[in-house]
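Alright, two takes on the same chain below, each alone as structure tokens: structure 1 and structure 2.
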Structure 1
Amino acid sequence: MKILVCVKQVPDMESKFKIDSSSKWYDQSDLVYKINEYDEYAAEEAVRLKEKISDAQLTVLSIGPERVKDVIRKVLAMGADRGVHILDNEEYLKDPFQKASIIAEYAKSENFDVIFTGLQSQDRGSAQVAPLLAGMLDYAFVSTIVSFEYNEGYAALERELEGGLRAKVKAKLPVVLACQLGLNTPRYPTLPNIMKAKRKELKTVNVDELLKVEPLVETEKVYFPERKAGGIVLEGKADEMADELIKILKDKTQVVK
């Protein structure tokens, strides 16, 4: 069985964000990067599947600049067999259709049986790359996976629906699965595994070899949302802010007396 997991490197969402000079995205300097939260669950599930099946091979793929090798190495240390880095210094300027087509172009000759992805990236958050990829490869697609089990020839899945309701579904292989938060408990790579990962194959492919399509969507601008009109901001000493808050609550709500 051949398994692929697609992981994205994103900034820590608690970073201080600035909008870049073109107003098309955030400024990428001075940020701390890590693996997209959703993709960590996808990676863990992929590693578990690989460990269960004797002849399975797990590939981890990421598109982005040199620094995204860090997240590839992390997933190699979690247990993936080989890494593919698609070098693209302008990943952030591409639309989801282009990103999906880059992955599809790479994946089409590999014939993966199961492709794990995150439900969405924390920064772009389009939730599109996975279903677009499935559409391009003509694979089955199921989103918002909170439980996964492999049985001969098919995947037994649970999806999380709105309001916490779940649905059990069965999907034929080959399939693209977009993983939701809480699917499993991702492991921490151990030191020996981190060392071992350094010796695993990590191939770099230039994006120009794989990108063959124009974008379908154009970003006009990126901006901060407005604060609530009339909203009050309290800053300063905790003690004084608490007094002020209690006064406001007594004034404006009927529930604090």
Structure 2
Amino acid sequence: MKILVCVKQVPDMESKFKIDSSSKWYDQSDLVYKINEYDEYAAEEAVRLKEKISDAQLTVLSIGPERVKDVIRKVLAMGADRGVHILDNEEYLKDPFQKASIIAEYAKSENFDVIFTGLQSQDRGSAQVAPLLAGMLDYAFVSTIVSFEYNEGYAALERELEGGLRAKVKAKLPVVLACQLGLNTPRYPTLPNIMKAKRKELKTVNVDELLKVEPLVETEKVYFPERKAGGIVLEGKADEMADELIKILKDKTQVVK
């Protein structure tokens, strides 16, 4: 079995963000980066599947500048066999369609049986790359995965629905799976495995070798929302608050007129 897990490096969401000079993205200097939280669950599930199947090979892939090798090495230390770094210093300018096409271009010759991704990235949150990737490869696709079992050519899954509901589904391989938070408990790489990861294969491919399409969506401007005046909090008895609310609405109506 051949397994692929796609991971992304994102800044710590507690960081203080600044818009860059192009107004297309945030300033990437002086930020602390880490693996996208959703992708960490995808990586753990991919490693667990590899451990259950004796002849399985697990590849971890990430798109971005040189620093994304850090998250690739983390997944190698978790148990992946080999890493693929798609070198792209302007990854943030690519839309989901382009990112999916880059991964698909690499994956189509590898014939992966299962591709794990996170449900979405913490910085963009589009949740579009995984379904686009499945469509490009003509693979089955299941999202919001909260339970996974492999059964002889099929994936037995539970997915999270609205209102706290869950759905049990079965998907025939090959399949792309977008993983939800809480799917598992991601492991911490041990020091011996971190040392072993340094000796594992980590191949770099320039994005120009894989990108064959133009974007369908372009970012025009990134900006912070304007600060607005604070709201009014009414307190007291219900009838008193109702009278006060009516008075406020009448005053606002008169201002508008």
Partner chain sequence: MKALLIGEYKQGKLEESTYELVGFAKQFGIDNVMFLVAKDDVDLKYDSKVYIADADKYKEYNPDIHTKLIEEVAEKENPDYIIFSHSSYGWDMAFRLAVKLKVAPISEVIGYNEGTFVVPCCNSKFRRDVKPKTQKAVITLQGGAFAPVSEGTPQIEKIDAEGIEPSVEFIDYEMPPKTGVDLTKAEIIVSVGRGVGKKENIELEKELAQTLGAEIGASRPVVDSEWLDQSYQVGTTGQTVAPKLYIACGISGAIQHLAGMKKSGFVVAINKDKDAPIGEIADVFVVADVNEFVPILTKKLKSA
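Keep in mind the model is a prediction, meaning the values are calculated, not measured. So that the term is clear: the rigid core is the largest set of C-alpha atoms that superpose within 1.5 Å between two forms. Numbers given to residues start at 1 and step along the sequence of structure 1.
Legend: structure 1 corresponds to the form predicted together with the partner chain, while structure 2 does not.
M13 is not among the residues whose C-alpha shifts by 2 Å or more between structures 1 and 2 once the rigid core is aligned; its shift stays under 2 Å. With the core fitted, the CA of D239 sits 32.9 Å away from its counterpart between structures 1 and 2.
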